[in-house]
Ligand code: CIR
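The chain below stands alone and is given in structure tokens; this is the form predicted on its own.
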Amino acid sequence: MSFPTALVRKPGPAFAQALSGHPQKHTIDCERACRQHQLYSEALKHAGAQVISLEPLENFPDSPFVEDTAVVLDHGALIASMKEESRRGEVASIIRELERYRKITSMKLPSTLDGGDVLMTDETVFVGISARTNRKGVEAVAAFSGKPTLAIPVLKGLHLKSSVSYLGRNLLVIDPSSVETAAFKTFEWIEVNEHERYAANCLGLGNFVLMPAGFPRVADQIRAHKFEVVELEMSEFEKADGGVTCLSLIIPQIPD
């Protein structure tokens, strides 16, 4: 089994000012977010990842959401061209870290991309057309990946992976009301309902699945597929429009 590296970044005091459309965004508790982030990092280690913890970026409230900054494949890392101007300064320190592992390619405006819109599966890359990612961004991912790449309109939610997660073994967790689903018909689905939407964002790492706590039906269905489920309190990150995958940038181990 190969074990990935996971880049994470601790929340700083500015995290309470993260971009968000959540109705409880003004109640973000930074101390609680730090405790939740520490448990998240421990869960990554439990799942076999080597965790590299980056220091907070005080001028960038959204910087704990490191997934959005890049797309990492075996042959290189594509640095995202982020639509939100307030987030663009996050990428410099990510580049410095990723250069240790991969050759760097950087996107350019007018292409826009958040990594949370990029769903990697065994054969195909799916990229959400969302409020943060445009069609030129999809084209940039397609040119970089060298794999079949499909654009998926996002109907609700911030990112594609807010609504669809790939766990491995041809299995998705999906909210079919939030994305166009025709391209996913060859997969097996665990469907979430309107009240479980936040559980659609899960992180599959080998035999482990990290998911938000509070969704027992979804957790039981994942366990029924022989995955080990790790449930995590994510309340403060949910208030900032973030999910489980958002908090890490996964660098796969290159096969021998």
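When you see a residue number, it is the position in the sequence shown, counting from 1. Model, not experiment: these values are computed from the prediction.
In what follows, reference is made to the form predicted together with citrulline, a form of this protein that is not presented.
> Looking at heavy atoms inside 4.5 Å, which stretch does citrulline contact in the model of the complex, given the options 221 to 229, 186 to 194, 66 to 74, 33 to 41?
One stretch meets the cut-off, namely 66 to 74.
> Wondering, does residue 246 line up within 4.5 Å of citrulline in the model of the complex on heavy atoms?
Yes - in the model of the complex, heavy atoms of residue 246 and citrulline come within 4.5 Å of each other.
> Hey, in the model of the complex, is residue 141 touching citrulline, heavy atoms inside 4.5 Å?
Although citrulline is absent here, residue 141 would stay clear of it in the model of the complex, with no heavy atoms inside 4.5 Å.
> Give a yes/no on whether residue 234 approaches citrulline to within 4.5 Å in the model of the complex, heavy atoms considered.
The answer is no: residue 234 has no heavy atom within 4.5 Å of citrulline.
> Using heavy atoms and a 4.5 Å limit, would one call residue 157 a contact residue for citrulline in the model of the complex?
Close contact is absent here: in the model of the complex, residue 157 is far from citrulline, nothing within 4.5 Å, heavy atoms only.
> For the heavy atom contacts within 4.5 Å of citrulline in the model of the complex, list the residues of 238 to 254 involved, in sequence order.
If the 4.5 Å heavy-atom criterion is applied to citrulline in the model of the complex, 238 to 254 yields 240, 241, 242, 246.
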